[in-house]
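In structure tokens, one chain follows: the form predicted on its own.
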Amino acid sequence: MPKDEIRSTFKYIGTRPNRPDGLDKVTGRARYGADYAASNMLHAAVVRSPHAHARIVKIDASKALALKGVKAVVTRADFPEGLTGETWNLQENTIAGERALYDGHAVAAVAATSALLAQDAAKLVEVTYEVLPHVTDVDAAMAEGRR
């Protein structure tokens, strides 16, 4: 089938649809979620594991909490226990429990009065890890997840 005939069978493919938001985006006038602020709004920063697989031995947030403007540091200890099924999976992928399961797994979150303060406070959260061997095989990963 020739290209022109293929194009004519589709409504949008091969066309240049009107982009009503295009001008605002290229001129910087477009507003995104991060552009909005509310009075007394808190900002968050996430502390992430630098290890592909590690047991979380200890999380010390005392230095972060000592900063003026830091309102909270949340860890897995602040989440409900005893969840099962999809709720457990969602929680496990939201914040690490006893183990960080991948490089970048969230370990803690800091809430502060400014984004910069939240980022600075996140750097002060001290996490002690026991690095564990990581797995690269699907079957081994499933077995590891059941432990």
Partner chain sequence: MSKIHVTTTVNGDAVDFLADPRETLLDCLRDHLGLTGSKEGCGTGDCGACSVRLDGVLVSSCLVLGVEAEGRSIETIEGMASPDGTLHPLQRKFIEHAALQCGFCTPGILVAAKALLEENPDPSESEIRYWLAGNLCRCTGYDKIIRAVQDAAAELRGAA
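Bear in mind the structure is a predicted one, so any value in this text is a computation, not a measurement. Basically, rigid core = biggest C-alpha set you can superpose within 1.5 Å across the two forms. Numbering follows the first chain given and starts at 1.
Below, we turn to the form predicted together with its partner chain, even though it does not appear here.
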Its partner chain in the predicted complex has a heavy atom of only one listed residue within 4.5 Å, and of 78, 81, 86, 35 that residue is 35
Interface residue in the predicted complex among 26, 90, 57, 66, criterion: non-hydrogen atom within 4.5 angstroms of its partner chain
26
Is residue 136 one of the residues lying within 4.5 Å of its partner chain in the predicted complex, judged by heavy atom distances?
no
Can any non-hydrogen atom of residue 21 be found within 4.5 angstroms of its partner chain in the predicted complex?
yes
Does at least one non-hydrogen atom of residue 103 fall within 4.5 angstroms of its partner chain in the predicted complex?
no
Would you check, heavy atoms only and a 4.5 Å threshold, whether residue 116 touches its partner chain in the predicted complex?
yes
Using a 4.5 Å heavy atom cut-off, which of 57-65, 103-111, 90-98, 116-124 contacts its partner chain in the predicted complex?
116-124
Taking the rigid core as the reference frame, is the Cα of residue 126 displaced by 2 Å or more between this form and the one not shown?
no
